[in-house]
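In structure tokens, the next block holds one chain alone, the form predicted on its own.
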């Protein structure tokens, strides 16, 4: 009696994602929406805090948009290597990006063009607002695990 060797499935940590990279498309959409709202936010800050408020909002919005682009680049890079790498980059990339934002704010906090209130409010509201806005366009169903297809693609 001979036994057939049992073939083991590859470890989930060794599997990599070779499919499309929806995170880059989501980040581009976030940046597009952020740039649509940016002039309004800068104008409102200019009315309330003057030029320093407008500059602070523009700086914070730039940090937010750069954060989304960096997150997408890191996640799509890591997914091509392995799912384990993707998990590590998700966690430690968040910490790294948070440190980069904190460092950027600390570098400019004493500049004459910085108003702390609009800078902080923009950082928080822009991150959360753009993410909530984007959820309308991203599918969370099992049928379309990435981006929701347009009507023509269904």
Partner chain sequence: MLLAELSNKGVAALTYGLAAIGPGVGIGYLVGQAVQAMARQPESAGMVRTTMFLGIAFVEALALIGFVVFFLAGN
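Every value quoted in this text rests on a predicted model; they were computed, and no experiment measured them. Positions refer to the first chain, counted from 1.
What follows is about the form predicted in complex with the partner chain, which we do not show.
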Which of these residues, 66, 37, 101, 46, gets a heavy atom within 4.5 Å of the partner chain in the predicted bound form? 101
If you check in the predicted bound form, is residue 51 within 4.5 Å of the partner chain, heavy atoms only? no
Do residue 112 and the partner chain share at least one heavy atom pair within 4.5 Å in the predicted bound form? no
With heavy atoms only and a cut-off of 4.5 Å, decide whether residue 33 touches the partner chain in the predicted bound form. no
Give a yes or no for residue 55: in the predicted bound form, does one of its heavy atoms lie within 4.5 Å of a heavy atom belonging to the partner chain? no
Sequence order please: the residues of 91-114 with a heavy atom within 4.5 Å of the partner chain in the predicted bound form. 91, 94, 97, 98, 101, 102, 105, 106, 109
